[in-house]
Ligand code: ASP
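In the block that follows, a single chain appears as structure tokens, in the form predicted on its own.
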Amino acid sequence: MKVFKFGGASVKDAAAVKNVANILQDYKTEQLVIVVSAMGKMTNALEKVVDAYYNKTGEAQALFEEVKQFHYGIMQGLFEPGDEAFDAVNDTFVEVEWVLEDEPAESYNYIYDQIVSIGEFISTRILADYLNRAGLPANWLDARDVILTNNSYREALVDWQMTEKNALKFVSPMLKKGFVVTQGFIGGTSENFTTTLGREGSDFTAAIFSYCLNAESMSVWKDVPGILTANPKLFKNVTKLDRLSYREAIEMTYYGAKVIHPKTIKPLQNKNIPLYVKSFVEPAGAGTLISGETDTHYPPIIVVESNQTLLHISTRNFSFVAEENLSRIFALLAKHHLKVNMMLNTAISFSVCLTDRPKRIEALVADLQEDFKITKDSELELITIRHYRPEILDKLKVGKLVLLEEYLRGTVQIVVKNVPEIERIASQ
């Protein structure tokens, strides 16, 4: 049994859905659990619906209509008019429309999970129906029947014991009938409320199923040939990494590499399940293998995270930022659900680099200002180089103001701000 995960780009339109079906034709004799994300940029679109609904802007219905029309457009390229495939999708839309008709009465995070999650429900309904029409028997599975979580909406924690029990109960029998198609990113509580596992969490979902079902392997299908040494949209002459150890993959994802969700590796490593990163554009390619095999020789690997904010936190009375102060700071970071990307402590100050979440950071700063002085720098980049060489670091600093810099065992991180080059004004 294998687990495949297809992201939003792989099912972004009718042609893409057909391409996925073509890929799966080569695996029709396999037992597959297929985890699917929302189509295209639908998670972003549904987030706008949530914002409009919660903030009562009056735009929620119009924004949701755009979501509906996007999916109808894809379905029209896959099914005949009046096909029963439209019925299940329409039922899902109606559930959201009922919510939008009432005033918001729950927390933002709860509402977010109930509405944004429909992107995955719709994409899996469409794919499962199309696979069946393409001669590939596919069974639709509600991921909430398997993945049990707590009530931490938007960042739900998995009950591994119950989830493993559910997977064996629900999924194993379905695999005997054909492919199992289910949603990424989604879980459910004991009260039958929908939860999500964190943004871009579909990789993690696939790892959960892989772990619980003792999969032979897991494959993530991307629009790149495998894991690359840098983002090809930002750098030239990047190369594909044929193999990575679990350790190196965890380091890369921790530092912000977007190819794999950070929580994905641990469940696989615990049961030594190999992970393949493959291309849905060139499915015959070897991709990148992530496994327990160690390889001590890697080329420099560059990870760039934009949209960063740097907070400089210092005491008001010129005292040391010691254990008591650090405990207070980290408690507030946890309270506001902010992940530390980089930090540096001096005698009387503490600097921390965070992904810019304006509302969360604003609330954090408000709490911190009770005890500390705060200086904030925004619109920054965090650049991490694994296995760095000095000449590469020097090139990356050109045209940048370095606000923070740290070296650790072959890894260097710098927080930088773009600075225009100074040019002399020509004399008159």
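Keep in mind that this is a model prediction, so the values were computed, not measured. Note that residue numbering begins at 1 and tracks the sequence as displayed.
The same protein has a further form, the form predicted together with aspartic acid (ASP), not shown here; the description that follows concerns it.
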Please tell me which of S219, S202, T194, T309 lies within 4.5 Å of aspartic acid (ASP) in the predicted complex, judged by heavy atoms. S202
Does the 4.5 Å heavy atom contact test between T384 and aspartic acid (ASP) in the predicted complex come out positive? no
State yes or no: in the predicted complex, is some non-hydrogen atom of V33 no more than 4.5 angstroms from a non-hydrogen atom of aspartic acid (ASP)? no
Even though aspartic acid (ASP) is not shown here, does F185 get within 4.5 Å of it in the predicted complex, heavy atoms only? yes
Quick check on D113: any heavy atom within 4.5 Å of aspartic acid (ASP) in the predicted complex? no
In the predicted complex, which of 388-396, 62-70, 35-43, 364-372 comes within 4.5 Å of aspartic acid (ASP) (heavy atoms)? 35-43
